[in-house]
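This text opens with one protein chain seen in two forms, each one given by itself as C-alpha cells under the names structure 1 and structure 2.
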Structure 1
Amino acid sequence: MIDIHKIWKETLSYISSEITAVAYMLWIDNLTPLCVKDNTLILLAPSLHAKITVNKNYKELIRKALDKTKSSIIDVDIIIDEDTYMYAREIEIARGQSPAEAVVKEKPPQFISRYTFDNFVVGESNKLAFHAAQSVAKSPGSAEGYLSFNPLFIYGDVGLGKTHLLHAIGNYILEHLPHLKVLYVPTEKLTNDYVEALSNNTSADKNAFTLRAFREKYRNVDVLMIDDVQFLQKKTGLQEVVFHIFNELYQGGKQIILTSDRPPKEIGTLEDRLRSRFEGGLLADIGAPNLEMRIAIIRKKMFLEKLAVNDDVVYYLAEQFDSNIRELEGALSKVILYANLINKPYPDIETAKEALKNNQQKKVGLDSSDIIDAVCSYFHVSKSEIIGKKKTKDIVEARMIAIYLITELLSLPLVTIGQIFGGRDHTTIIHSRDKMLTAQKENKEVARKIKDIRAMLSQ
C-alpha cells in the first residue's frame, strides 16, 4: 500500500524550497493527506478559503513536487471537511496507516467529546430517551419494526441531558458511520443563520450566505439535529423554512432529531402542520433523576475527571441538587475548587458546606433571548448588531454585558453561548465575561448599567 504520509513528507520538502516560508506556513503546512483515489492524492484543507487559494495558486506546484517522489500518484485534489464523505471508504483504508489515524481524528470537533453514550448514566427517568437515541445513532433514518424513530423528539427540563444525548449521537456516528453527514444546530444558531441569509438575500457578493446557501446547508445532510426547538416560538418565517427542510429530509429517508424543554403541544404559536410533523415519530421525555442516579452521576464525573471527595460529600451534593444535573456538576466543581484554594485536597462535608454557602439558586424561567432583548432595549441597539461583528464602542459594550449576564444568570455551556453570539469561540466568551467582571468592580458606570439591566430582567 502507498504510504501517503511518507510521500507527503517528501512532497513538502520540495515545496518548502520553492515558496516563501510565510506562504508555506499559511497554505501548505496545514494541509492533511487523507487518502489516495484513482492515483490522486486527496488533501484536506482547513477552510473553504484555504481550499480555493491552494487550488488556484499551489496545485501546479504540488503536482510537480509529487512527480518528483516517483510514486504512482499523478494528481492532487484539495477538499474540505464537507467533502470527506465522498472518500469515506478510501479514508477508512488509509486510516490503517499509523499517523493517519491521529490526523483524521484531529478534525475540528463538532461534538463535545465527553458527551458520549458511555458517559451517560441511565436510569428510570431517561431510559426511553437514551435507548431511542442509541438506536437512532446506530441506524439513522430507518424504521425499527413498527416503531418509527423519525423524527426523534426528546423533551425535558433544562440540565437533564438533552444536549448530551445529541452530541452522543453525533460522536457515535462520526466514529461508526463516518460517511454520513451529521449536522447539529442549536435553534438560536439556526435563527441567526436565517436572519443573516434573509439580509444577504439580494447581495451581489457571490460568497454571501443567502437563503439558497442556508437551504443547501441544512438540506444537504443525512442527520439533522436541532436543539431547543422551543425557541421556534413566535418565529413564523423560520417555522415555515423548517417545515420545508423537515419534509425534504424526511422524504429522503434522512434522520431528524429535535429537543425541547416541553412537548410539541406546549410550544406556543407553533404552526399546526409543524407540530404534527414533530409528533409524527417518537416522543421521549427525560425526567428529573432520582437520588440513586444523582449519586451515580457524581461518581461518574469524579471518575472521568479524576476527582476525589468524601462519600458523605457525594450524598450531600446528591441530596441538595435534585432537579438539574448541570447544577449538580457545577456544585461538585465548586467544592473541588474551594478545597484546592484552602489546600484541602480531599474535601469533607464541612468544606463542601462552606464552599456552597453562597450558592444562590439561579434565576429560573429566563433564557438568553430575554437577556439579549433587555440589553438591546437598554442600549438601543438591535439584536443583529449585538450578535454580529460590528466593533463600535456602544455595541461592543452591549455585547460584552449581554455575554456576561448570560454566563452569570444561565447555566449554559460556554460553547453554546459562543454559538448564540454568531459562532464566536468559547475563549472570546471567557474573555468578555472576565473583562466585565473586573470592569464591574473598577468602573461605577459599568456597574450601574449591569445593575439596571438585572433589574429589568427581574421584573
Structure 2
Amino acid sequence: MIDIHKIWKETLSYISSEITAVAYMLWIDNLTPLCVKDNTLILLAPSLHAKITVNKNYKELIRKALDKTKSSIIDVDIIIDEDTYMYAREIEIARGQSPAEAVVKEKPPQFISRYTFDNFVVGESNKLAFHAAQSVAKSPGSAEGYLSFNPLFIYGDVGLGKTHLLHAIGNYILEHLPHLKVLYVPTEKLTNDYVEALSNNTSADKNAFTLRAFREKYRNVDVLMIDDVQFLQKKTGLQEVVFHIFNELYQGGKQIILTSDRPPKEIGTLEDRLRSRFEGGLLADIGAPNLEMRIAIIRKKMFLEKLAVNDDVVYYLAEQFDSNIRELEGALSKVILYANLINKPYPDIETAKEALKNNQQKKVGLDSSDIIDAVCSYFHVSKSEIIGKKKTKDIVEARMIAIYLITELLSLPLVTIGQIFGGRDHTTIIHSRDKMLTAQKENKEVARKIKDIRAMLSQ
C-alpha cells in the first residue's frame, strides 16, 4: 500500500523551498492527504476558498513536487468536506481497511457535523428557507402535526447556505429520527451513478451497479435530498429517471428536498412535467445577507471557533464581503492566520487590510449574479432575457459582455459559466469572451460600456 503521509512529507519539503513562508502557512500546510485514486493524490482543503486558491496558484507546483518523490502518483486533486463522498471507498482503504471491508462499510455521503440549525444565522434573506427546513426535518413527508412542504425547493446563489440547510436537516433526522433512511446526493453524483448503471446493465457481474441497483438506491429512502438540480438541464434521459423516482417517493409520502441556484422556471431545457413537480411544494429563496446579518455571521463563527478580532475588523469584513458567506468566513480565517504569523493575537483593521491586500484588486465576494445584475441594469434588460434565447442586437451584446466580465473577474470553469447562461456549450462561452476581448480593443463604444459596468461593480 502506498504510504501517502510519507510521500506528502517529501512533497512538502520541496514545496517549502519554492514559495514564501506566509504562502506555505496559508495554503499548503493546511492541506491533508486522504487517499490515492488512479495515481492521483487526493488532498483535503479546509475551505472552498482554500480549494480555489490552491487549484489556481499551487496545483502545478504540487504536481512537480510529487514527481520528485519518484512515486507512482502523477496528479493531484484538491477537495473539500462536501466532496469526500466521491472517494469514500479509497479513504476507508487508506485508513487501514481491506477493499472488501471498505465496500461493506461504504455509506451515503456523511452529513457535515458543523452544519446544524443552531449555527445557521437567520435573517430576513433566509428565514423562510430556514423555518421550512426545520419543519421538514421535524416531520419529513406527509406526517401530521406540521405543515407538509413536499417537495421543498430551496434556491439562491452560491455560498449563501443552501447546502448548510440540507446538512442541517440530515443531522437533525439522524439524531432525532434515526429509523429513517436519508440520502443526500449532488446532481453530479446522481449523474455519475446513472451513467455507471447504464454501462453495467448488461454485465454478468452480480455485484455490478446496474439500473436495478440504481432504482433501489434512490427509491428505497424516506428522505431524498438532491443538491444543485440546475445541472439536470439538457440531461433528458436522467430527467426521465428523476421524474419516476420523484413520483414514487411522493406518492409514498416520502420527503423530497431540492436545491438550485435558480427557481425551476429559470432552469433551461427542464421538462415541463418535472418543472411542475418541483414547483408543487414550497419554493424558498435565499438572498444575499444584509450588513447586520453579515456581522452576526462573523460573530457566530468567532464564538464557535473561539476567535477574537476588533469590532473594526468585524465591520470591515462585513462591508467588504457582501454577497457570499463562504468568502466572508474564509476572509476571517485568513485574517486570523495572518495575525498569528506576525504574532499579533488580536488583529486590528490594518492587520486585516494587509492580510487581504491581494483581494483588493477586484471586489471580493463578487459572483455571477452581481455581474449579470449590473449588466441588466446598464442595458435596461431583464435577467431572463440575458440568460435566455432571445437574439436581438441589444440582448446579444449585453449577454456577451456579461459572459466576458464573468470570465475576466471570476475563477469559474467555462462549463459552469455555460450552465449559468441557460446551459450553453462551453464553445459559445469562448466565442463570446474572445469576441468582446477583440471588440473593446477595436470599438471605443464597446470599451466604454465595459468600463462603465466595471465601475458599477467596483462600487
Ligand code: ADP
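Since we're looking at a predicted model, the values are computed, not measured. Residue 1 is the first residue of structure 1, and the numbers go on in sequence order from there. Basically, rigid core = biggest C-alpha set you can superpose within 1.5 Å across the two forms.
> Of these two forms of the chain, identify the one that is the form predicted alone.
Structure 2 is the one predicted alone.
> Does Asp285 shift between structures 1 and 2 by 2 angstroms or more at the C-alpha, the core having been superposed?
No, its C-alpha moves less than 2 Å.
> Is the shift of Ser384 between structures 1 and 2 large enough to count as movement, that is, does its C-alpha move by 2 Å or more after the core is superposed?
Comparing forms between structures 1 and 2, the Ser384 CA shifts at least 2 Å.
> At a 2 Å cut-off on C-alpha positions, does Tyr85 qualify as shifted between structures 1 and 2 after fitting the rigid core?
Yes, Tyr85 moves 2 Å or more.
> Taking the rigid core as the frame, how far in Å does the Cα of Asn57 move between structures 1 and 2?
Rounded to one decimal, the shift is 50.7 Å.
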